[in-house]
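What follows is a single chain, given as structure tokens, in the form predicted alone.
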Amino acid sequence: MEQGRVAVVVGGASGIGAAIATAFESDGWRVVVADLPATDVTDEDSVAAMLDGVVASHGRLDVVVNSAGVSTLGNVVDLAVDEWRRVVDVCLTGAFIVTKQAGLRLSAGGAIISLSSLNARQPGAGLAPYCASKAGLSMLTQVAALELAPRGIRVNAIAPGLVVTPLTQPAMDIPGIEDDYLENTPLGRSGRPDEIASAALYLATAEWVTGEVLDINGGAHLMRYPDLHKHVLAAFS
């Protein structure tokens, strides 16, 4: 690999994002981790200023990974509009802002990689804003791949299944949820952050891959999504 390439990992302070940053560093990349409170993906000026700072400091920008995400749980008829907007603002609008601002600054041959989810293709009861955001992110990825291809910039996404991280751990602590996931994962186990990181590193250097949403879920997309809401109601009723 050419030495000196620069990667920015947005949302890279913990979980899958942190594993991605570590993988890139181990492969010889110069890595910048951008996370709250210094970088807010819902604030375009914040994202633009961060990326300008990276280019000013390092002289180039080769890969931008967006792994920022939040979720919530609630039926459509009960969910507050503000809660819907909170999730969509981070998971979809934030992804748009990162993609837009990265696309304006990436070096020719660069790459954008977004973290999507199994919920991009599988609906989950109680997860309307998250599922809708991730499904939208799949199409955003494909549209951006078309538009940025003439400049040699590739745009892809990774859609993990169950990976236990600080974001997912609270759900795993509710009785029955993790077992339900694993019963619906043909390979019978959860994923590891380093496995998602390996995929990100591949997409960063795969020069003939663009517009792809890469499912990494142990085969979970072949089965059904767990009923998280049922388990939550059972645990707290």
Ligand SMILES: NC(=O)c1ccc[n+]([C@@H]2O[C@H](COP(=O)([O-])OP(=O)(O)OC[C@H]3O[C@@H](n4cnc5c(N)ncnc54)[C@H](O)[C@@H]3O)[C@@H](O)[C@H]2O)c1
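Numbering starts at 1 and runs along the sequence shown. Just so you know, these numbers come straight off a predicted model, no measurement behind them.
Only in words, not in the display: the form predicted in complex with the named molecule, which the text now covers.
Taking the partner from the other structure, the named molecule in the predicted bound form has no heavy atom within 4.5 Å of any heavy atom of A220. At least one heavy atom of S117 is located within 4.5 Å of the named molecule in the predicted bound form. The named molecule in the predicted bound form is approached by A68, whose closest heavy atom lies within 4.5 angstroms of it. Shown alone here, P150 lies farther than 4.5 Å from the named molecule in the predicted bound form, counting heavy atoms only. Checking C131, A145, I97, L162 for any heavy atom within 4.5 Å of the named molecule in the predicted bound form turns up a single hit: L162.
The partner is not drawn, yet in the predicted bound form one stretch among 52 to 60, 35 to 43, 22 to 30, 204 to 212 has residues with heavy atoms inside 4.5 Å of the named molecule: 35 to 43.
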